[in-house]
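In the block that follows, a single chain appears as structure tokens, in the form predicted alone.
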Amino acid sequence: MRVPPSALIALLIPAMSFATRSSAEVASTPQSSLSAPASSPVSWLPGETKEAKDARMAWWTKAKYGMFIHWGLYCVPADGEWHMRNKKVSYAEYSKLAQEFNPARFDADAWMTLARDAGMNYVVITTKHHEGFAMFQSKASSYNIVDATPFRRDVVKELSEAAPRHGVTFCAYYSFLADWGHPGGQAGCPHWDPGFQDGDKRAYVTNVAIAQVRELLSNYGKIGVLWFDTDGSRDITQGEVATVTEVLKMQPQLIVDPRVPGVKGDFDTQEQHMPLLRPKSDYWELCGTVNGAWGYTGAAAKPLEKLLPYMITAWGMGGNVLMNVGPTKEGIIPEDSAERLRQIGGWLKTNGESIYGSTAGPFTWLPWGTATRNVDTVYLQVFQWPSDGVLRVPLANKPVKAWLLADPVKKELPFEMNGERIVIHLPEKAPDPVASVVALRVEGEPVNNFISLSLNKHVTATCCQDSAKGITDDDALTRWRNTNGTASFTIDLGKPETFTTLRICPAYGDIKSGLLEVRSEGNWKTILKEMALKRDENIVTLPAVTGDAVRFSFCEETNPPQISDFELYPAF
């Protein structure tokens, strides 16, 4: 991110792709169209109460952490799971990859051993991705790993049997509407192989998609989560939704994600997009990658100092984390990815008390890290160990006890109140070079007193005013739905406020050259200009600025940016 010399960059989380939350409103079809129900159901399971759903979700809530595995024919060209669509490969050509796919080194128990070493409690395997190739034996289609490859083994079956042997809950991903490898299967773009791909959509949904979901729920034991996916395809009828629901009831304990239009999911998903605010839903999950790729590409694993804080931040907002690996065509999880997972597992062995079964911490944002909570204890995950040995915690409560999780004897740390901060005195050296955890008990319900100065303040925008309040509200899913390449918004702070930190999140599209102005005594002054902002979190520190209003603007942006959050914080 590029700002003038007067401003210092405190932190920038790189831009990542975002999967939009699925909606129950879908495109109508000749047979039937979907309409919103008279009252919102609690879940996909008809008639379920909130209490019953909470009980069904309990194991997932405690688990917190799972392994995502993207594996299919796309591992052969090693160009990612969208290779077929991106390169517009015909089915006749793409399906030849099946004869090259012989993962003789695949070992389901070894994979599950790695999951446990990593501290993971569930695993989600791509039983069929958008390419349409099933990784299990299917009577609905011979385009599967048993019938179409020299390997001739059902890897989904082997994983479903290995997972419980290692204390891991087995879960299945399935691409439902999106299928580039069957006539009638849908794509989120025009078919590039119409001679093969065009066909009866309704017949595909019934004879392939629903049939294979029924096979998964019939032949692979108890499944924890059915993780549906799509590439933007949305064409489904009410009758098909009803049938899917009846099939899902074969395993009524199932947890279902929200990516089949018309089927209410049990949790929200954020795909490689870290919200700035805690999502409003009771249950949400961040799915991300160990190495920046879903299917195998040979990309190197991310550094631990980048990956671990990213995951902990999601846990600090009460989410689950589903971290992906992409095995090779030989059936091996790349060793650098495996080693990174073991490192995370090592951290969890020491600090897992602050993660498993935890809920969101009381803070929106902290300059030094994040926090989780478990019953009467707030766990402070410190990414930036204070050089002066003093950790300032913005809670209004009276502190009771503080200690380091890494300390086997749990020696109490000295603390006192200093104004509106609890001050904890730490050892000179951090116990962990990436993230150390301080456990803190306080009297009563934790009360955060470090709040954005712009929270819920009035916003005036040059266009799309009806959505402008999404800039300053406390909802991660709302945003200013700007449609112009040149636009601005003004936030009235109500009275003069002094701030030293700007936290801003473009929801869609980067910003090449933003401008920040502040109004003081009726006059506008430029504070930052030529701000290059990436999608997701951007944090800028600056000398103390005082004003009663701020204005943010941009000009001639190729892709009109939308803003989901804009926060101003006083000195910490």
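All residue numbers refer to positions in the sequence shown, first residue = 1. The shown structure was predicted, so the numbers you read here are calculated from the model rather than taken from an experiment.
Not on display, but discussed next: the form predicted in complex with alpha-D-glucopyranose.
Of the options Phe133, Trp480, Trp111, Tyr173, which one has a non-hydrogen atom that comes within 4.5 Å of alpha-D-glucopyranose in the predicted bound form?
Checked against the cut-off, the match is Tyr173.
If the cut-off is 4.5 angstroms on heavy atoms, which of these, Arg519, His70, Lys53, Arg535, is the one near alpha-D-glucopyranose in the predicted bound form?
In short, His70.
Please determine whether Asp193 contacts alpha-D-glucopyranose in the predicted bound form, using a 4.5 Å cut-off between heavy atoms.
Output for Asp193 is no: heavy atoms all beyond 4.5 Å of alpha-D-glucopyranose.
Flag Trp294 as yes or no: does it have a non-hydrogen atom within 4.5 angstroms of any non-hydrogen atom of alpha-D-glucopyranose in the predicted bound form?
Yes, Trp294 lies within 4.5 Å of alpha-D-glucopyranose in the predicted bound form.
Would you please decide whether Arg340 lies within 4.5 angstroms of alpha-D-glucopyranose in the predicted bound form, comparing each non-hydrogen atom pair?
Taking the distances in the predicted bound form, the answer for Arg340 is no, it never comes within 4.5 Å of alpha-D-glucopyranose.
Taking alpha-D-glucopyranose as it sits in the predicted bound form, is Glu215 in contact with it (heavy atom to heavy atom, 4.5 Å or less)?
No, no contact at 4.5 Å.
For the three residues Glu100, Asp154 and Lys329, which mark the spot I'm curious about, does each lie within 4.5 Å of alpha-D-glucopyranose in the predicted bound form through at least one heavy atom?
Checking in the predicted bound form: none of Glu100, Asp154 and Lys329 is within 4.5 Å of alpha-D-glucopyranose.
Quick one: find which of 197-205, 76-84, 363-371, 431-439 has residues within 4.5 Å of alpha-D-glucopyranose in the predicted bound form by heavy atom distance.
Stretch 76-84 is the one.
Determine the residues of 255-278 with a heavy atom within 4.5 Å of alpha-D-glucopyranose in the predicted bound form and present them in sequence order; the list may be empty.
Heavy-atom contacts to alpha-D-glucopyranose in the predicted bound form: Arg259, Glu271.
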